[in-house]
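Let's start with one chain on its own, the form predicted on its own, as structure tokens.
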């Protein structure tokens, strides 16, 4: 009994990591993003060295770790940042008003640094920390004092990322997962940006005790976000055309509890359909043709073992699954999400209808799909459809208006601007996404036809 209680307590606390949970590791402030499953044998490779992730187990999300060089081995140690750096920087900003500096006299001839590589390796072998190496590089630089304060900070950050990398332990939830995928490989999630994802959930009125019908062809990101918002109440039914369900592997990264995973079910469209004009054989045939076309994209879905997203490296490496992670213990296994919906639940949905509909299927014909799904909604139920391009949504909107099938129709284009917030340097980021797709939303009404 006590063992069951302790296990349930570890799962119920979402702020602290446990063995077998998924984490998002932010290395050097977004230079690398890695999804990892924590276990006794899981490791992380930074540079040419491999570090164990065991010290991360039992730590709260948001903890910062730094690489420490010991006499025998390298490890990740908990790091608590101080506020002194910010105070020194603000103080330096005021002093810079009296003292004018610029970088005009600096020449990049690789002669400013007197500390050699052999001396740095000797410091490492003697057990010097990364911060000590950075301070030694600054002390032996002939041009550091001549640089401006901003250039000095850039130099310090550059050396810190090389000799004293930091790892931020982030909790994988809808926003962080969407941002990580969108940063490196947006095609895998249908170019769905985080503001578009939040707008989808809002316009579809995803609230507690809702029964949400989802067409998820973005790897499971949409299904996991809906289940996360429901919080174990209501159901998420992921439907699909044909006999092969769409991949929802990203759901496993969310660390959803067993109760929430039970609420994520799958059902083919033929089982949910009422009296439709098209026969079930035609729907199966269309779905199988689409599945054959999209098979390569579905097979590219990520696994949770260890996935790497490196925005600054070459674009050919896609969310590569590392092999350095040991399998999770059987005791830490959770209920698999995406089981087949029960007949009782399907009959109840046929009788009462779903309370919401969300579609994110960039590779399907939206209008033919919407004609089959709209009758499954209850009257006055909202729906939201995402697509990367405007024309398929405009076609759906025009046909819905002609058939008087919905009201409150509107096409929204989300817009997001990210700001850099630093002392004396607060401005919009220079590189950001300028396009977030389009969303068609509306409310289904009872048609006289």
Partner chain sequence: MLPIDPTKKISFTRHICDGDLVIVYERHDNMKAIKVCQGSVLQNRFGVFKHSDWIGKPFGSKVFSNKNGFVYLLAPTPELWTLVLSHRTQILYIADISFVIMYLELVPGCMVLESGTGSGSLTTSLARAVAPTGHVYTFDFHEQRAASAREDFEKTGLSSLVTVGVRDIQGEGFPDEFSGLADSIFLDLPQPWLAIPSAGKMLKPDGVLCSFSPCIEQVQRACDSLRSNFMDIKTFEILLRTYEVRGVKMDCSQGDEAKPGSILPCKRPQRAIEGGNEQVKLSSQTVMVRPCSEAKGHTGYLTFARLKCLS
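Just so we're clear, the structure is a prediction, and the values are computed from it rather than from any experiment. Positions refer to the first chain, counted from 1.
Beyond what is shown, the protein has a form predicted in complex with the partner chain; the following relates to that form.
Engineer: For the interface check, one of 117-125, 143-151, 361-369, 203-211 should have non-hydrogen atoms within 4.5 Å of the partner chain in the model of the complex; which one?
Structural biologist: Among the candidates, contact is made by 203-211.
Engineer: Please run the contact check for residue 40 against the partner chain in the model of the complex: heavy atoms, 4.5 angstroms, yes or no?
Structural biologist: Result no; residue 40 lies far from the partner chain in the model of the complex.
Engineer: Residue 215: heavy atom within 4.5 Å of the partner chain in the model of the complex?
Structural biologist: No, residue 215 stays farther than 4.5 Å from the partner chain in the model of the complex.
Engineer: When the contact criterion is heavy atoms within 4.5 Å, does residue 242 count as touching the partner chain in the model of the complex?
Structural biologist: Although the partner chain is absent here, residue 242 would stay clear of it in the model of the complex, with no heavy atoms inside 4.5 Å.
Engineer: Can any non-hydrogen atom of residue 185 be found within 4.5 angstroms of the partner chain in the model of the complex?
Structural biologist: So residue 185 does not count as contacting the partner chain.
Engineer: Looking at 174, 357, 237, 261, which has any heavy atom no more than 4.5 Å from the partner chain in the model of the complex?
Structural biologist: Selected option: 174.
Engineer: Which one, 52, 395, 388, 66, lies within 4.5 Å of the partner chain in the model of the complex by heavy atoms?
Structural biologist: None of the other options qualify; the answer is 395.
Engineer: Does any residue in 402-416 get within 4.5 Å of the partner chain in the model of the complex, counting heavy atoms only, and if so which ones?
Structural biologist: Going through 402-416 in order - heavy atoms within 4.5 Å of the partner chain in the model of the complex - the hits are 402, 404, 406, 407, 408, 410, 411, 412, 413, 414, 415, 416.
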